[in-house]
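Only one chain is given next, in structure tokens, and it is the form predicted on its own.
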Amino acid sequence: MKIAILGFGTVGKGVYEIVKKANVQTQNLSVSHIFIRKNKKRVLPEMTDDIDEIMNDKNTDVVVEALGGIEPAHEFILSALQHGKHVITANKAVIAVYLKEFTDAANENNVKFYFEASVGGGIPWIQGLEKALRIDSVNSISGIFNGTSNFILDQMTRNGQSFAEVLKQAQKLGYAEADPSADIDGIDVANKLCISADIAYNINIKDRSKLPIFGIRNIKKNDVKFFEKNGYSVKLIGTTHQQGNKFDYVVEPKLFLNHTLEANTPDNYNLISLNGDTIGKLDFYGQGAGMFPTANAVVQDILDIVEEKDHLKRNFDQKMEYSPELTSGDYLVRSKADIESLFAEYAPTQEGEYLLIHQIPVGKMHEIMKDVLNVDDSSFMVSLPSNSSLASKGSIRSQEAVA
């Protein structure tokens, strides 16, 4: 089977090297083309800057999109599918927007569109979710979807460093980009959560602007110390629940007791969980990013095509209502501004330099936090676990529940 790789960055190089090693399983795979930008130097014979050469090559069976971003990735993926080529991608940004369009195009042209590496890197999360869905309805998904943010929070907890110090370290190690916004502002998690929810609920989330997102840009060393003192670790979490024809989703910092799996997920690792009707809670843990873990997942998808292994079929046409008030919880908010009146309906109490908010709908919490950030752009919030000892100090004991 001949493979064209679009882009030769971290993922593209990883796929190329795995295919070149040619073990028993991959010995019949070969790279026919490597697409590079017009200003890039050709250092390998397979390299070309002519995308039409790849699309019109009838001997190329699979296109691996490793360019990243929305365009021209969207255009190239669609073109490859329309030219009768299978497509594999790890590009969560483009999948989160165009998953249904790509799936429809693949079905119309009798080819496969697979994307295991888009969520969880080397973790077999997508296939694990799909296997659970063969039997169960999945009513919730939650986890650490982003290795960069987890590395930052883990290092701040372990070494008592500031956010800025650890971010620079992450950039030096290649975990964070020069512009780390997608990772630290929760955008990467939001993309992965949208893909997971689309699959789990067979829906097509079109308007992602409604997604409540709050990242870790404003976390301070003293926040982490306060959480530690009370027996908690902080993680950036993506969560979605489903009940009947309603669902929610949220990306936000959350506290976990120090004995939990989430609190003990180190460095750039991911931990993603689902809850199914009969299987209960399933956890998926491993390297969420990096050249070879991600490339490994890409090549696994290629081998599924070689071996004619079908993945779960989804048409993403289930009609469900996004409900920002489906889940309620307790929160801590740190702000230099006087914000207590904004949360008057939710029994706010002072907890050191934090305002403790009781049982507020998640969507409402994020809506109010936009107003808080308008008056103090350094404000930070964090979600408390159910039955939190911190929340129980207030007038209402936390009981996170799906309404």
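Keep in mind that this is a model prediction, so the values were computed, not measured. The numbering used is simple: start at 1 and walk along the sequence shown.
We do not show the form predicted in complex with another copy of the chain, though everything after this point is about it.
Asker: I need to confirm a contact call. Of 199, 94, 299, 237, which residue comes within 4.5 Å of another copy of the chain in the model of the complex, counting heavy atoms only?
Answerer: By the 4.5 Å criterion, the partner-contacting residue is 299.
Asker: Only one of 132, 187, 224, 78 gets a heavy atom within 4.5 Å of another copy of the chain in the model of the complex. Which one?
Answerer: It is 132 that has a heavy atom within 4.5 Å of the partner.
Asker: Out of the stretches listed (96 to 104, 238 to 246, 201 to 209, 270 to 278), which one is close to another copy of the chain in the model of the complex, meaning heavy atoms within 4.5 Å?
Answerer: Careful reading of the contacts points to 270 to 278.
Asker: Is residue 303 one of the residues lying within 4.5 Å of another copy of the chain in the model of the complex, judged by heavy atom distances?
Answerer: Although another copy of the chain is absent here, residue 303 would touch it in the model of the complex, with heavy atoms inside 4.5 Å.
Asker: Should residue 177 be counted as a contact of another copy of the chain in the model of the complex, where contact means heavy atoms within 4.5 Å?
Answerer: Residue 177: no, not in contact with another copy of the chain in the model of the complex.
Asker: Counting only non-hydrogen atoms and a 4.5 angstroms cut-off, does residue 137 reach another copy of the chain in the model of the complex?
Answerer: The answer is yes: residue 137 has a heavy atom within 4.5 Å of another copy of the chain.
Asker: Against another copy of the chain in the model of the complex, would residue 111 count as a contact residue? Criterion: heavy atoms within 4.5 Å.
Answerer: Output for residue 111 is no: heavy atoms all beyond 4.5 Å of another copy of the chain.
Asker: Since the partner is left out here, which residues of 3 to 24 would have a heavy atom within 4.5 Å of another copy of the chain in the model of the complex?
Answerer: Read in sequence order, the residues that approach another copy of the chain (within 4.5 Å, in the model of the complex) are 18, 21, 23, 24.
Asker: Closer or farther apart in the model of the complex, the C-alpha atoms of residue 34 and residue 26, for a change of 3 Å or more?
Answerer: Farther: residue 34 and residue 26 separate by 3 Å or more in the model of the complex.
Asker: Your call: residue 24 and residue 47 CA atoms, closer or farther in the model of the complex versus the shown structure, by 3 Å or more?
Answerer: Closer: residue 24 and residue 47 approach by 3 Å or more in the model of the complex.
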